[in-house]
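Included below are structure tokens for two forms of one protein chain, each presented in isolation as structure 1 and structure 2.
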Structure 1
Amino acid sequence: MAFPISRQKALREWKLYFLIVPSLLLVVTFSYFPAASAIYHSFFDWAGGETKQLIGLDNFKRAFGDQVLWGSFKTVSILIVFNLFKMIPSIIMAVLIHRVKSDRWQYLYRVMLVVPMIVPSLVTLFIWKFFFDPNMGVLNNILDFTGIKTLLVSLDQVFGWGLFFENAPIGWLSQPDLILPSLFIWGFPWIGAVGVLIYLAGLQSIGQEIYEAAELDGVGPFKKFIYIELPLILTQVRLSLVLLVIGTLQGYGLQLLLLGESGGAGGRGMVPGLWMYNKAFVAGEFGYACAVGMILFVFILLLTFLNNKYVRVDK
């Protein structure tokens, strides 16, 4: 809880407040100014240069009739559901590390989680693009080696999917109906270092006496997780949920690198962020891209508000 600072103390320590001025200036310059500029230019027919024409709400009217934009919101909604499942391995990994008795091994596991964060995310995306390559990619080789591809071809013949064929490599990123499953597979085994560290911080706040009482009552490892650990890290889970929703709605780097600026075959991987990028840097319609960004901002704000209001944590 924040306590108000008395007037006398504020007057006595006023020089200290100048220390935060550089940080505030940087935040205003690089965060608030671009956002305010986007709001301003969303009301203009603007191609990014000096020339622009005020058109009022025309960009927003156009956006509400943009089928590609609303289709991209449907795609990103599916990706958010996918990513909810991807939170589970990180929670399990955090619990497993927390239960390691040796401090040395706990430290080692944390280091092993943090080391991949040093690798630039762009490199990771290139690796995954190679992973999905239909001819040289690891995924198709694994499916061939394990015989899973034969199973998929058999299932395809039964259900008539038209996706898997005996003598043709699987085009994970080139077949429209396989693009969303590919975006789901991406990141396997879905253990995010940041998520694990957040959950670990929550787990370490659980008192040892709670575990001792549970052991005296004969509570097993699974029930410990269900009745003790999971309820007590729900604050961290909620934080991860907010970050996940915001990150998924804003993100487009993955789709841009794997599928291209068009969102892949049939535009099946098109998300709002990528559509905004497409309109700005491919079509040169910066004013319309700003309007798309404003709509995206409203969606993120609304979902964050709903999450804070209805996803409550009662311990």
Structure 2
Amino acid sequence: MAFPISRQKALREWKLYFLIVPSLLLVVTFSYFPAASAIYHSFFDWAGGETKQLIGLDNFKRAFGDQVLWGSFKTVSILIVFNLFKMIPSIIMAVLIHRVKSDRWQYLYRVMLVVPMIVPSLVTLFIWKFFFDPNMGVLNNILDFTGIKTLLVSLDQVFGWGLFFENAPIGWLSQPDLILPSLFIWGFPWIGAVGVLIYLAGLQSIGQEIYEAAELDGVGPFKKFIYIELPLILTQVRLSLVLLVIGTLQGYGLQLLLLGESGGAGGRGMVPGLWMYNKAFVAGEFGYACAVGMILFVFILLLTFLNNKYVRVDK
């Protein structure tokens, strides 16, 4: 901890405050002030200009009746569930790399994991968009090539989805009912480099004795994972779980770029953040957008609170 010091010494060291002033000034101006302003403006009919009209809780009343907004909350909850599944490959990957015996290979694999990070995230996104392209896209090509397409078409005929047809390419991002599946497939094989490295760091702190004891008891590799590795990286898993849930809840860049401002065909990819963006910068209803932001903020706060209470991350 920092030294506690006497009042006289503190007075003598008054210059120290200059060190915190720039950070403080920036944070107040560009984080606190906008936040306060967002709360304030959520009670106004405001188009972003000088003129604004106090309308009390009307924005919130409107938001509670807003079908698109509630639909977007439903979509985002589905996305969160998807993302929970998408955590599994990273965990498996970390455990596998950890169990590799040679240090040199371990290092090599870590490097290989980090390599995709050099591609700007936006570029990754566009490459995926290219993969989803109905005619030239890689995904449809793979499905055609492996014959999975035929399987999908016959399944479609059995279940009557009306999504896959013999002679037409699959419109991943243009068919309303395929948008959520596309968002699920997105990012396959779902290995996040930072996530794997965090889990690896957790795994590496497991003592040898535990493994030795397990070995003497004749514990198999799968049981080792369930009883030793998983419980001991639970801190890291919970940490990334929390980050992931909050990130998914407030993120909208992916949907904006992949599907456009209106959330794609039928608005199936609409998430709350995107709706807020849409209201502010497309429809020009800044006041209402602030109210939507506030509702989103309350949800995130609630989740953060629940997290602090029940899923405490041990430091």
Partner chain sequence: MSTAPKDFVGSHKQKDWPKHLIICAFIIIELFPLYMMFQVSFKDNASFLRNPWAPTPPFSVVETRQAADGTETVKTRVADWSEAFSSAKPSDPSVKTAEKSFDLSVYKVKNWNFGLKLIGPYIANTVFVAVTGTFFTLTLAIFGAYFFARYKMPFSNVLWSAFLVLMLMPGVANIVPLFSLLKELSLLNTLWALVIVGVAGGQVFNIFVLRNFIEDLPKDLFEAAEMDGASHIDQIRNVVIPMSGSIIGTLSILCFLGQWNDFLLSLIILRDKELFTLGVGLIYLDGEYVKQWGQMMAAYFIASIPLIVIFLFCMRLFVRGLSAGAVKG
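Heads up, when I say rigid core I mean the largest set of C-alphas that superpose within 1.5 Å between the two forms. Residue 1 is the first residue of structure 1, and the numbers go on in sequence order from there. Every value quoted in this text rests on a predicted model; they were computed, and no experiment measured them.
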- Query: Just one of these is the form predicted in complex with the partner chain; is it 1 or 2?
  - Reply: 2
- Message: Once each C-alpha is given to the rigid part whose superposition fits it better, for the motion between structure 1 and structure 2, do residue 94 and residue 54 end up together?
- Response: no
- Please indicate how large the rotation of the smaller rigid part is between structure 1 and structure 2, in whole degrees. 10
- Can you give the C-alpha shift of residue 12 between structure 1 and structure 2 in Å, rounded to one decimal, after superposing the rigid core? 8.6
- Please state the CA displacement of residue 21 between structure 1 and structure 2 in angstrom, with both forms fitted on the core. 4.4
